[in-house]
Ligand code: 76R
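Below, in structure tokens: the form predicted alone, a single chain.
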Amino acid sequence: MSESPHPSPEVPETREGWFVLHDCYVVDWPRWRACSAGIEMIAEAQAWLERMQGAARGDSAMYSVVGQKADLLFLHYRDSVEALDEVELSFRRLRLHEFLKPSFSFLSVIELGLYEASAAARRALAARGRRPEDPGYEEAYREELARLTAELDARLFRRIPAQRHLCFYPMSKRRGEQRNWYALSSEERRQLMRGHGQVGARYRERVVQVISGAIGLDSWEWGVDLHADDPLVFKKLVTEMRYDPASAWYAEFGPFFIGIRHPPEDLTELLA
């Protein structure tokens, strides 16, 4: 597939849902083992996590991280950046926070691309004889797009998937001299993402995928959360994705975090 000689003026349309914060910490084990008030601090942190999980608009979860990138990963969904800020500040007020060192964080917002829906809406209008230059076309297009995307809220404003294992990684699209995602036309991007989506669809029964956009919010452009009960499926899915042209030609991947989900009461054992 050739790249367009000039940047496409058509910016891809998206729908946004919950704001997302991945908050990772390592434990200062020598100081923690020397602490005499550990039981009280853990109880305070457990009560905090229970409150966070009971949020009216959002959700929270805790994962132990396999490997040395972090010990604990807290995943938060909220309806605004201000709400995430309050979650973060409330965590810092806990006495346990004095024994934790931040190792990584990522701010994003759950995002669904409308490549296919926008194309379908324009085809539907064309079938009715409507052209982009006609008066009222944009309003008709918006109405048709809203009709086609009416069921997206369940994916944009969801609970954190309940599967036991998490694979999280940030990623960006390549903007190099040879391959530049942002210089492709909308139709070229649409075709690539259609093929990319077909790969993901084959794993739909085993993996819940949550994509969040971070352009203008963090250093990477997207965050990818894969939730599954069998962690081996992460290797299978990501490997197959990397052979797909959308990834092979244009994807840059950040660090991978593998987490195991725990309820608040497991914090005692995790910090034993």
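Residues carry their position along the shown sequence, with the first being 1. Treat the numbers as computed from the prediction; the structure is a model and nothing was measured.
Form predicted in complex with the named molecule: not shown, discussed below.
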property: Among 119-127, 164-172, 89-97, 142-150, the region lying within 4.5 Å of the named molecule in the predicted bound form by heavy atom distance; result: 164-172
property: Contact residue in the predicted bound form, from L107, I160, L112, A83 (heavy atom within 4.5 Å of the named molecule); result: L112
property: The unique member of Q53, S64, Q46, Q209 whose heavy atoms fall within 4.5 Å of the named molecule in the predicted bound form; result: Q209
property: A70 within 4.5 Å of the named molecule in the predicted bound form, heavy atoms; result: no
property: Touches the named molecule in the predicted bound form: A201 (any heavy atom, 4.5 Å); result: yes
property: Partner proximity in the predicted bound form: P132 to the named molecule, non-hydrogen atom cutoff 4.5 Å; result: no
property: 4.5 Å heavy atom contact, R78 to the named molecule in the predicted bound form; result: no
property: Those residues of 213-238 which, in the predicted bound form, come within 4.5 Å of the named molecule by heavy atom; result: W222, V224, L226, L237, V238
